[in-house]
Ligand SMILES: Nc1ncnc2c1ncn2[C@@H]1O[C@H](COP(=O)(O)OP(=O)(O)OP(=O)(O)O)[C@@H](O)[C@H]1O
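Single chain ahead, written as C-alpha cells, the form predicted alone.
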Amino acid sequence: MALIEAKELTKQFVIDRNWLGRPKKVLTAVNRVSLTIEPGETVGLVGESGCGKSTFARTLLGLYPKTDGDVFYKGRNIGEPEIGKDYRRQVQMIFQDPYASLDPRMTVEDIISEPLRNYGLCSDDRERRQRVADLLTQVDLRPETAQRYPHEFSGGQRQRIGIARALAVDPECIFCDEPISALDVSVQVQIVNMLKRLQEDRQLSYLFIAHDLSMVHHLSRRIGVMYLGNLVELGPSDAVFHRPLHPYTQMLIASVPRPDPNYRRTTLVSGEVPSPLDVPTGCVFHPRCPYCDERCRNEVPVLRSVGEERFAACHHVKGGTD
C-alpha cells in the first residue's frame, strides 16, 4: 500500500472575477496529477520554473486547498478529520528559501519546539529543551546554538534548522521543495548527504523537488517530469535519466552540463514556455515539440503505461495500449 497517493489532483487560482464575483480568468497550476509515494522511497519531481512542482507539493500537503481530486494517506482519504490530523503530523516540508522560512523574531529553540508544543509531544520544558538539543545534533549543529536567532546563521545552517523543525514530530514523509537551490555547491553536497543519512536512520520517504536533474537522479528511486501543470513522464530514476521517452524530458536531459568536451547535444530546448493562462490546445508541449503533428495539436495525450513502471503522456511514445 502506498504511503501517500494523489489521484487526479488539481489546483486552480482565480486571477480575475466579473462584476458578480464569479471567476473570469482561472490559472490551472496543477492539472489532474496522479502520483504515489511508497514507504521509504524518494520520488523526484523536475521541470522548468513555473511548471507547478511546488504548487503540487503544497496542495498535496494541504497548504493550498485543492480544487479537485483526492489525496490518500495509507489508503484513507485525508478529507476524513481523524486521518487529516494524523497526515498533517506525519508529512512535513522543507522550504526552498532558508532566509524566508524561519521567523526572525524567534530563537532556534522556539522555532524547533513549536511543533512539539502544537502536538503535545513533550511533558515539560526540560524534555522539550533536550529534544531540541538532540535534533540540532542530528543536523550537525551545536546544541548551544538553540538560543540564537536565524540572522546569526549562514544559509546552509538555516536550512539545517528548517530540517530539524521538520524532523521534530518524527514524520514518515518529508516534502523537500528545492531545499538546496539557494545554497553554495559545497553546502548542497553536505545537505544532500545529511538527507540521505536521515532517511536511512529514520526510514523516511521524500518527495524531492529540484531543478538539478543530476542531483534528482542521484537521490531518487523514481522521477516525475512536469510541464505546464501536467505530469508528462514518470518512471525509475535510471530509466528516465538515461532513456527519456517524452520529448520534453529528452530536452531537459540534453540540457544537463556534461564534463566532456566532445559531447554534442542531439536535442536542444527550443521556444518559450507558454503562459499558463493561455494553455495550448491538445498536447501542452506541442508548440515546442519537434515531433508535433495534427493529432498533437488537437488531442490531449493521457499519462499511460508504456513499459514496466514507465508512464508517458505522448502520442508518439509506443508501448502500453499502442
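Keep in mind the model is a prediction, meaning the values are calculated, not measured. The first residue of the sequence shown is number 1, and the count goes up from there.
What comes next is about the form predicted in complex with this ligand, which does not appear here.
K.L.:
Is Cys296 one of the residues lying within 4.5 Å of this ligand in the model of the complex, judged by heavy atom distances?
P.N.:
Taking the distances in the model of the complex, the answer for Cys296 is no, it never comes within 4.5 Å of this ligand.
K.L.:
Find out whether any non-hydrogen atom of Ala29 is located within 4.5 angstroms of this ligand in the model of the complex, and reply yes or no.
P.N.:
Yes, Ala29 is a contact residue.
K.L.:
Given that this ligand is not shown alongside this chain, does Gly50 nevertheless sit within 4.5 Å of it in the model of the complex, heavy atom to heavy atom?
P.N.:
Yes.
K.L.:
Even though this ligand is not shown here, does Glu172 get within 4.5 Å of it in the model of the complex, heavy atoms only?
P.N.:
No.
K.L.:
Considering this ligand in the model of the complex, find the one stretch among 251-259, 34-42, 281-289, 51-59 with heavy atoms no farther than 4.5 Å from it.
P.N.:
Residues of 51-59 come within 4.5 Å of the partner.
K.L.:
Looking at this ligand in the model of the complex, is some heavy atom of each of Glu5, His217 and Phe241 within 4.5 Å of it?
P.N.:
Judged in the model of the complex, none of Glu5, His217 and Phe241 sits within 4.5 Å of this ligand.
K.L.:
Counting non-hydrogen atoms within 4.5 angstroms of this ligand in the model of the complex, say which of His211, Lys196, Arg131, Arg76 makes the cut.
P.N.:
Going through each option in turn, the one that passes is His211.
K.L.:
Hey, which residues along 164-181 are within 4.5 angstroms of this ligand in the model of the complex, non-hydrogen atoms only?
P.N.:
Residue within 4.5 Å: Glu178 only.
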